[in-house]
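The chain that follows stands alone, in the form predicted alone, written as structure tokens.
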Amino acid sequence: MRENLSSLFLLDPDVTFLNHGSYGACPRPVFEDYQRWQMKLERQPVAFLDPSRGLTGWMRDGRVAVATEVGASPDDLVGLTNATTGLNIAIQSLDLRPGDEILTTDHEYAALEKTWAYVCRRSGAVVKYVSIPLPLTTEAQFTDALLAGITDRTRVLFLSHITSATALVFPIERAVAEARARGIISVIDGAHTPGHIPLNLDALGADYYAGNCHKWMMAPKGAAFLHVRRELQASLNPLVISHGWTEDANKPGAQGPFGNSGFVDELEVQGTRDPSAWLAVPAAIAFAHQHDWKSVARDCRALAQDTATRVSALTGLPGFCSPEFCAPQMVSMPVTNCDPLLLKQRLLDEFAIEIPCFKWQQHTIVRVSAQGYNTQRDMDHLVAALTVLLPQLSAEG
């Protein structure tokens, strides 16, 4: 049995924290590195924030560290605050026309559904949703359903790599390749992917891919990246025009004012902001390597899957997929129909369990995350609490 790693984190010991998937949790040594960067910033903010002094090199160090982990070139990604920001940059840069179609699934993240609604309102494009058959048990089941939704008006394929509500790993490789072959732009929401499942962005070949580092990479909050295929980088429009922009920034191969490509400078040099979370990403990656996190993650996967099996036995409800399509450390568990907000509140108030509970389509879902600080005792506590609460809340509903 592995060592309890909870002492390496800063989480409240009085709370059973089973919600790593929402915002992550930063290990103590990584948070200390984050604070070291913040202190360096406060001691000499002018020197720190001047891109022509140290900041450009420090930001690149983060890009190099992340690129090595995700199978990409450091020149093809930029450090941002969250995946939603990166996806907004990509989506709002697309040249969409009335009647153009964005093909996606019925499992996407609500914030990005709103982004597409906003863009479609301005452009006249439309979103087409494909219902993915459940339970998901084969790659062909996913890809064939998706490709059947392509029409001669499809311009964009938008997919989550790991879904937020249902915690599925979508097998996106064949769909992305088919999109490229048909001249369809691929935009991938990888918010939950870095540090969670193996990732090789160059091999995947998606046009745009955004991922968070503050979730499963365990960096401080506010660290993410946007990866863009090199031939498309000049087509991006930053959401904010600041010192990193030049009139030539949208020309292929253009240099930015601070020695990077125009793509990097115009998106990373955005005026006054604290980049410390991004600068601490190398420390988060080093922490994971030092503590053999691949082994830790395997234990966490077993813990999450076992808990899902126990909850399924309790409720009599099957899961959304076979194990190979489930996010390794995060499982969305259908439970008896009840008010999810009330269930969430009572789990916190009566059992000190922090866990997301929500409605997705006709399902009431409890989504459990297992990270290195979690133990079998935590999962036993959750199952015991659900054993008490679900009959009560179902009867009230």
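Quantities reported herein were computed from a predicted structural model and do not represent experimental measurements. Position 1 is the first residue in the sequence shown; the rest follow in order.
Here the subject shifts to the form predicted together with a small molecule, a form of this protein not shown in this document.
Using a 4.5 angstroms limit between non-hydrogen atoms, A219 is distant from the small molecule in the predicted complex. Although the partner is absent here, A83 lies within 4.5 Å of the small molecule in the predicted complex, judged by heavy atoms. In the predicted complex, the small molecule lies within 4.5 Å of some heavy atom of N212. Heavy atoms of F287 never reach within 4.5 Å of the small molecule in the predicted complex, leaving it off the interface.
Residues within 4.5 angstroms of the small molecule in the predicted complex, judged by any non-hydrogen atom, belong to 106 to 114 and to none of the other stretches in 106 to 114, 91 to 99, 129 to 137, 236 to 244.
Just one of A304, I162, L201, V156 comes within 4.5 Å of the small molecule in the predicted complex, counting any heavy atom, and that one is I162.
Though the small molecule is absent from this view, in the predicted complex it lies within 4.5 Å of a heavy atom of just one residue from A191, V78, V281, A167, which is A191.
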